[in-house]
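The chain below stands alone, shown as structure tokens; this is the form predicted alone.
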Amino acid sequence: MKLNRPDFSVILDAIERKTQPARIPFFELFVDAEICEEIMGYRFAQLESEPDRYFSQLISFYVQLGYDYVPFYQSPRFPSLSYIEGDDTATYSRKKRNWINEKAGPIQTFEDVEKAPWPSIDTAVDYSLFECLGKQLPQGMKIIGGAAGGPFEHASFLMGIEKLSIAVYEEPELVAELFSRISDILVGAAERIVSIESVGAYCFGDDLGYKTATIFSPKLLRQFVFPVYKKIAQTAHASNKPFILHSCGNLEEVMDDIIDAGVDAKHSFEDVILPVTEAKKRWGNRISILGGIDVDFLCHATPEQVRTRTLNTLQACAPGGGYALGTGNTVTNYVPIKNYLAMIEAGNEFNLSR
């Protein structure tokens, strides 16, 4: 299945757009553990108790599937969140699936902000895990990842999207203080992580939109969110590493802001919002475009349809560089494995034909 040894310079060329990459690399924010385990035929060790074995297994998957990097993220140790739990009905079920409680989080008042157990930069994430993973990487492979989640997601999780949406108008000083606390931790964690040699690019997810528009107005995103992106981009660039943003939703009104903030590559595309081929036409000369094989399509198509769609996407997006092949979001545990592998095989087929 794998055609190439890992070579991080290939995906770096795609992200930085300085030159046409030697081949079209693969990119995913991550692949769900259930998919990895089903393909590899083993269950992952527990990261908490057996990190060396877990990382060895994780690396084996990404090497075998032909990636030039391993994605790895650590959630910042922000105050505990409230979750809603339901049954996981996916094909490769994890039995239960959690959702953030959108109505209210642990932060509701200035007093909550002051009393919350905010981590220091030193304790915000376990940086040693990035080091541990890096020591096991084969030659030519690096890590893409960082402190999971962006400023908007963390603010909406900590306050609850309903409360946050009201507070931006009724208690703007509270919202500003919350974003300030989050920003300081995210930027500080980024500084530590990008200083690790085995980390090749910084990345996090920060979903900003619905299918029709951004969740917050562009004005509010410009006030609270994009300045944080700019600081993190500057931090990554100071270490000569790119910054990748995964963000779902219709972001057409703010793509100029995202690009101007210094984001090097954008991930997450959905056909009902904007097909990735159109995104490449609109913005591909200013920012790298990653992924875009629609997840809903992958769930319902046949392998042959996936192959055709993938090859057509590559024909449209590969010229000029600045593109990596992958899904429009992540390889979720409800994507048929045969379709995921059909996408990968079509990518290999395309690369062999060039």
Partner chain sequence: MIELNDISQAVIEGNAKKAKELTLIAIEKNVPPETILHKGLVPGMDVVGQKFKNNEYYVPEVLIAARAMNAALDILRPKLATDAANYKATVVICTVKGDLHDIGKNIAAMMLEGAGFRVIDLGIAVPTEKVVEAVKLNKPAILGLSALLTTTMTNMKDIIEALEKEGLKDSLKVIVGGAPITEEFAKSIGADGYAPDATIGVQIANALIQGIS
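Numbering follows the first chain given and starts at 1. Keep in mind the model is a prediction, meaning the values are calculated, not measured.
This next part talks about the form predicted in complex with its partner chain, which is not shown.
- Between its partner chain and the residues A213, L274, L81, A104, the one pair within 4.5 Å by heavy atoms in the predicted bound form involves A213.
- Screening I196, A176, I121, A90 for any heavy atom within 4.5 Å of its partner chain in the predicted bound form leaves a single hit, A90.
- Proximity of H300 to its partner chain in the predicted bound form falls within the 4.5 Å heavy atom cutoff.
- Taking the partner from the other structure, its partner chain in the predicted bound form has a heavy atom within 4.5 Å of a heavy atom of S217.
- Although the partner is absent here, D184 is not a contact residue: none of its heavy atoms lies within 4.5 angstroms of its partner chain in the predicted bound form.
- None of the heavy atoms of I258 is located within 4.5 Å of its partner chain in the predicted bound form.
- Heavy atoms within 4.5 Å of its partner chain in the predicted bound form map, among the stretches 168-176, 196-204, 112-120, 233-241, onto 168-176 alone.
- Against its partner chain in the predicted bound form, the set D13, E48 and E191 makes no contact: no member has a heavy atom within 4.5 Å.
- Residue Y334 is the only member of 310-342 with a non-hydrogen atom no more than 4.5 angstroms from its partner chain in the predicted bound form.
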